[in-house]
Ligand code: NAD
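Next up: a single chain in structure tokens, the form predicted alone.
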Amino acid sequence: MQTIANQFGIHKALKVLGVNSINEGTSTGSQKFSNGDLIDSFSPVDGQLIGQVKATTKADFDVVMEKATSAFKTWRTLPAPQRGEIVRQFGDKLREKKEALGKLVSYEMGKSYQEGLGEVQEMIDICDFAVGLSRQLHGLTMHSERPGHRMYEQYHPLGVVGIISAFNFPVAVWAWNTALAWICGDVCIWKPSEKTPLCGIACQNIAAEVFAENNLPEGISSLINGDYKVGEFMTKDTRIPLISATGSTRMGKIVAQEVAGRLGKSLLELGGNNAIIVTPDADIKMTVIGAVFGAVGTCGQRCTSTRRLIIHESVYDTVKTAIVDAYKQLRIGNPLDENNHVGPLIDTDAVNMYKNALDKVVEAGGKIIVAGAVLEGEGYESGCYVKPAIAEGKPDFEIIQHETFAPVLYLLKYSGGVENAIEIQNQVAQGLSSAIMTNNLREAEHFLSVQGSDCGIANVNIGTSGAEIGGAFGGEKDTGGGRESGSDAWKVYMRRQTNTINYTTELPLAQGIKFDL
């Protein structure tokens, strides 16, 4: 019987990406070395071992830091448009290897192949964005109160940027950070999730190829691998002025405290507990499409996944029936097979978390209206496939107040005006993504107003899941407050400097102070 890896060309993809059966998990470019223990990468698709990665030791990390700090001295002196040209070449390499990298993302993480391709496309898009931005790293010019003086501000690169990414977007989030950091003149050290280390190896191979072709020094892009202890090498290192960390709120608080303790900067993209408000004026068909994809896409493992559906009582039964009917059409299975809608959870720990959430909502007095289950039998041998579930509950249930990284959707009922729905939405600790489905202009504008959604992302008539790279991505409260990708997110990767030039033969002091000698 042909294996999934053979059937869908996984071995060919690994070869294209330069990923072997045993990989050095530490790299400063073409130089690869590791002296730590082996990390196994199993696919949640079929439970098979894809490959092994050697973890980074402290001694390995010190070599990485030496290479990175040395490379920064060269990289920062290149004009920003020249750095943009390197990023353009990196984007072109991604275009060439999009299919192979998309397959690896799908097989190692478990998201659908189309989502894997979409994630690589996000990498390409952020490269295009960064190339244009490399000619637009603007400062301001201000009028001085002193005659014959000019004031302006400019931005300089920070130095070494440390990136810690999560398993659910194993390549795109790294690229969001790296493409911008590179054009800003920074060098990057990346620790990918230990659950998806081969995706990190593949991306580093592509980057190293570009830098080598341009005779640029080792260390502009570096890779380290391992668990949280390896991440601590970066968070505790005073030579790394910025740590960008994506993951759980619990993890983010630890990173924030550690980095703040040494007065470093942190960019945090943490948990989400995202809701769609459905008003009496909502388009039900659009609502169902947005809610279902938001809840089951990536098997509910997006930080922007829809967790809560807050529905007005007048349309509650109609929406409930439509959502339940839609769930009956979901096909669950191998995510590389494009006939399927839902792939596996990342591992059996995630499966246990999923089951625990369903137990807790029932214990709190809720009702399961689309039963969940762990799927068994042919095609489900990994033990990571589950049925997306829907539960009815009340907003103050403890389990509903927390993020469950799995396909569990809670239906909540509201009455009265839209302000009541917004209050329910905002009462959770997280503040990443939010949406309202309505054709009522007043409701939409109220949702977007200062009295409306408290999230970093607020959408009208689209779901919570998915974001364009042109806009800044991130959220408030327990989501961490960080912003990545578009808009002026580039500024976090740079230090601001205010400059004053006196082009006279006098030295007047500010505020008219007299100090005659």
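Everything numeric in this text was worked out from a predicted model, so none of it was measured. When you see a residue number, it is the position in the sequence shown, counting from 1.
The same protein also has a form predicted together with nicotinamide-adenine-dinucleotide (NAD), omitted here; what follows describes it.
Novice: Considering 166, 309, 188, 384, which brings a non-hydrogen atom within 4.5 Å of nicotinamide-adenine-dinucleotide (NAD) in the predicted complex?
Specialist: Among 166, 309, 188, 384, a heavy atom within 4.5 Å of nicotinamide-adenine-dinucleotide (NAD) in the predicted complex occurs only for 166.
Novice: Can you work out which of 254, 117, 332, 364 has a heavy atom no more than 4.5 Å from nicotinamide-adenine-dinucleotide (NAD) in the predicted complex?
Specialist: Partner contact (heavy atom, 4.5 Å) among the options: 254.
Novice: Pick from 435 to 443, 194 to 202, 284 to 292, 355 to 363: which stretch has non-hydrogen atoms within 4.5 Å of nicotinamide-adenine-dinucleotide (NAD) in the predicted complex?
Specialist: Contact criterion met by 194 to 202 only.
Novice: nicotinamide-adenine-dinucleotide (NAD) is absent from this chain, but in the predicted complex, do 23, 33 and 237 each have a non-hydrogen atom within 4.5 Å of it?
Specialist: Checked in the predicted complex: no contact with nicotinamide-adenine-dinucleotide (NAD) for any of the three.
Novice: Should residue 108 be classed as touching nicotinamide-adenine-dinucleotide (NAD) in the predicted complex when contacts are defined as heavy atoms within 4.5 Å?
Specialist: Residue 108: no, not in contact with nicotinamide-adenine-dinucleotide (NAD) in the predicted complex.
Novice: Quick one: does residue 473 come within 4.5 Å of nicotinamide-adenine-dinucleotide (NAD) in the predicted complex, counting heavy atoms only?
Specialist: It does: once nicotinamide-adenine-dinucleotide (NAD) is placed as it appears in the predicted complex, residue 473 has a heavy atom within 4.5 Å of it.
Novice: Is residue 271 close enough to nicotinamide-adenine-dinucleotide (NAD) in the predicted complex to count, meaning some heavy atom within 4.5 Å?
Specialist: Yes - in the predicted complex, heavy atoms of residue 271 and nicotinamide-adenine-dinucleotide (NAD) come within 4.5 Å of each other.
Novice: Is residue 92 close to nicotinamide-adenine-dinucleotide (NAD) in the predicted complex, meaning a heavy atom pair under 4.5 Å apart or at it?
Specialist: Taking the distances in the predicted complex, the answer for residue 92 is no, it never comes within 4.5 Å of nicotinamide-adenine-dinucleotide (NAD).
Novice: Does any residue in 228 to 256 get within 4.5 Å of nicotinamide-adenine-dinucleotide (NAD) in the predicted complex, counting heavy atoms only, and if so which ones?
Specialist: 228, 231, 232, 235, 246, 247, 248, 250, 251, 254, 255, in sequence order.
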